[in-house]
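Just one chain is shown here, as structure tokens, and it is the form predicted on its own.
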């Protein structure tokens, strides 16, 4: 029996699936790398590198806190533009706050302290900003469109093949096994 005239939906799905896959490939890699990074926030900070160093400045006069801040900034050769303020926490601690959450903590009497630097991780900072939608605005719609394209790729992929290797054949068992993974974890949780 001859096939009825009209579009070949399976062929159209394969061609569209391929092209949509090419279109979202880079964003998928970016989201995958970012996802791997943010899945392990208990082990490390995937967005920022945090370093600390012991510093010796000599005694710091805290009778004028602005002058004390300037003394610390000069002694450590910090850029004054990155200074966000200071706080005399206690007689044994003066803090100077820096960009991105960095800080200098000094015991004014001894001048012994700690410099904490917080710097964005190249590549991951940007990937995480996109993945976690920190950009908001128009990016929200781009991310929504990406999610819709991923839905299409999933559903289109499931429906791509016919017969014993398609969804009604062995495909149903593979889809069921894939569904059991999140269901099993949610059930155990």
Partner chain sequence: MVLALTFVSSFLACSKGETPAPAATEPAPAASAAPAAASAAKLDGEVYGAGVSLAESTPVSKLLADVDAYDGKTVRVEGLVTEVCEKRGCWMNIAGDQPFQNLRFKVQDGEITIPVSAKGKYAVAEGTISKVELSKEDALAMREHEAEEQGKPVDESAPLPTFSVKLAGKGAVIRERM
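Superpose the two forms; the largest set of C-alphas matching within 1.5 Å is the rigid core. Positions refer to the first chain, counted from 1. Since this is a predicted model, take the numbers as computed values, not measurements.
Keep in mind that the form predicted in complex with its partner chain is not shown, yet the notes after this line are about it.
- In the model of the complex, at least one heavy atom of residue 41 sits within 4.5 Å of a heavy atom of its partner chain.
- Within this chain, residue 83 lines the site of its partner chain in the model of the complex, having a heavy atom no more than 4.5 Å away.
- The closest heavy atom approach of residue 136 to its partner chain in the model of the complex falls within 4.5 Å.
- In the model of the complex, no heavy atom of residue 27 sits within 4.5 Å of its partner chain.
- Screening 61-69, 28-36, 158-166, 138-146 for residues having heavy atoms within 4.5 Å of its partner chain in the model of the complex returns a single hit, 61-69.
- Counting a residue when any of its non-hydrogen atoms is within 4.5 Å of its partner chain in the model of the complex, the hits in 115-134 run 116, 118, 134.
- If you fit the rigid core between the shown form and the other one, you'll see the Cα of residue 115 move by less than 2 angstroms.
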